[in-house]
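Read the single chain below, which is given as structure tokens and is the form predicted on its own.
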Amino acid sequence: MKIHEYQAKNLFSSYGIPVEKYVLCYDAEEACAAYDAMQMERVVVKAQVLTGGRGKAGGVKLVKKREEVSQYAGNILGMTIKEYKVEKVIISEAVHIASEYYVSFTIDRNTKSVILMMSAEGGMDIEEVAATMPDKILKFPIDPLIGIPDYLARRFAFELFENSAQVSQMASIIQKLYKLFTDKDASLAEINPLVLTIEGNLIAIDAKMTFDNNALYRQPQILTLFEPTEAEKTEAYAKEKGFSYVQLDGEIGCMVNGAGLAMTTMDMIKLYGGHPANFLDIGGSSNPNKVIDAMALLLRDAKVRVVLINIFGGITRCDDVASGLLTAFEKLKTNIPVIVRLTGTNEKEGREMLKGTRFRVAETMGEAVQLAVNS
């Protein structure tokens, strides 16, 4: 689960992490009123959307007078950034930046621990730094039994700063960010950039947090911030129907019984030059309603141009699956090609039942995938 910058900053502030002054606004008139109330010559108008890359997309503007606030707020509100429509902005205090840094906590599956990442190369292009100069990204696994006591926090802070006052500020921010991360079951807590002002203060002028969906039941405060994206709504629908589903960017919709087989199907699609639109494990049942629900899920994705149904019949017999498919597609209205591969118990009977129907039947996974890729 993702939250907006202003929501993350509210959490930062509640844990004592220094942030700049800001006001949330929903239209240009509110933005101008916020500018008047803040009584600052320079402010920053920042789009609030659940994605990165706002600065490069024109969603962050430094302004120096009231007329510019109205102009830029009006331009930013309603614009689209990576398929997200901007419906709110914040008017932020413009600080005097001397240098920029990066600091975050996330989960590292290699060390099976929380990991602290820091860099003296903070800012918009931190991804490029990670790709081209990985040695500039400092990483420290955190032992959950030890956490970050004062001596460790100061040791980490000395990696970026020499001035004792800044080391003390940085150590405090690291400890507070770690506590916030663990208290709220976060999967990411990121400050980029953490700026050193010319006055010598460290301030988080951007904030990003994501949370473990499986822990939201014990985070009622965080759950109230949830603004599901279309992909998250689709995944919630899938969970409600008892499916394991992840949406991807391809065009071949996959309906498979079994997680391992589903992953293999996706690999095979890539091997033959196609692109899977999803991971979908429907479990072991020939219930026609399950097929209808699964197809409705796949057809929510406008990019899907063909559906590949890959079934291994173990306990569930292939002829039962075929019967379920025929019943389900009597109720479904779609012209999208459907490829079916049935293997396992009563596979010959199942394939025979589907002959002469709207389905294109394959005997092997390779044959089925090739049909799907070439459809």
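Residue numbers here begin at 1 and follow the sequence given. Keep in mind that what you see is a predicted model, and the values were worked out from it rather than measured.
Beyond the structure shown, there is the form predicted in complex with guanosine-5'-diphosphate (GDP), which is absent from this document and is the topic of what follows.
**Q** Taking 4.5 Å between heavy atoms as the contact cutoff, choose which of 166, 234, 175, 192 touches guanosine-5'-diphosphate (GDP) in the model of the complex.
**A** Of 166, 234, 175, 192, the residue with a heavy atom within 4.5 Å of guanosine-5'-diphosphate (GDP) in the model of the complex is 192.
**Q** 44, 34, 28, 306: which sits within 4.5 Å of guanosine-5'-diphosphate (GDP) in the model of the complex by any heavy atom?
**A** For this set of options, the contacting one is 44.
**Q** Although the partner isn't part of this model, could you tell me whether residue 55 comes within 4.5 Å of guanosine-5'-diphosphate (GDP) in the model of the complex, counting any heavy atom of the residue?
**A** Yes.
**Q** Would you please decide whether residue 238 lies within 4.5 angstroms of guanosine-5'-diphosphate (GDP) in the model of the complex, comparing each non-hydrogen atom pair?
**A** Outside the cut-off, so no.
**Q** Is residue 94 close enough to guanosine-5'-diphosphate (GDP) in the model of the complex to count, meaning some heavy atom within 4.5 Å?
**A** Close contact exists here: in the model of the complex, residue 94 approaches guanosine-5'-diphosphate (GDP) to within 4.5 Å, heavy atoms only.
**Q** Considering only heavy atoms, tell me if residue 328 and guanosine-5'-diphosphate (GDP) come within 4.5 Å of each other in the model of the complex.
**A** Heavy-atom contact with guanosine-5'-diphosphate (GDP) at 4.5 Å: absent for residue 328.
**Q** Quick one: find which of 306-314, 319-327, 60-68, 341-349 has residues within 4.5 Å of guanosine-5'-diphosphate (GDP) in the model of the complex by heavy atom distance.
**A** The contacting stretch is 60-68.
**Q** Which residues in 198-212 have a heavy atom within 4.5 Å of guanosine-5'-diphosphate (GDP) in the model of the complex?
**A** Heavy-atom contacts within 4.5 Å come from 205, 206.
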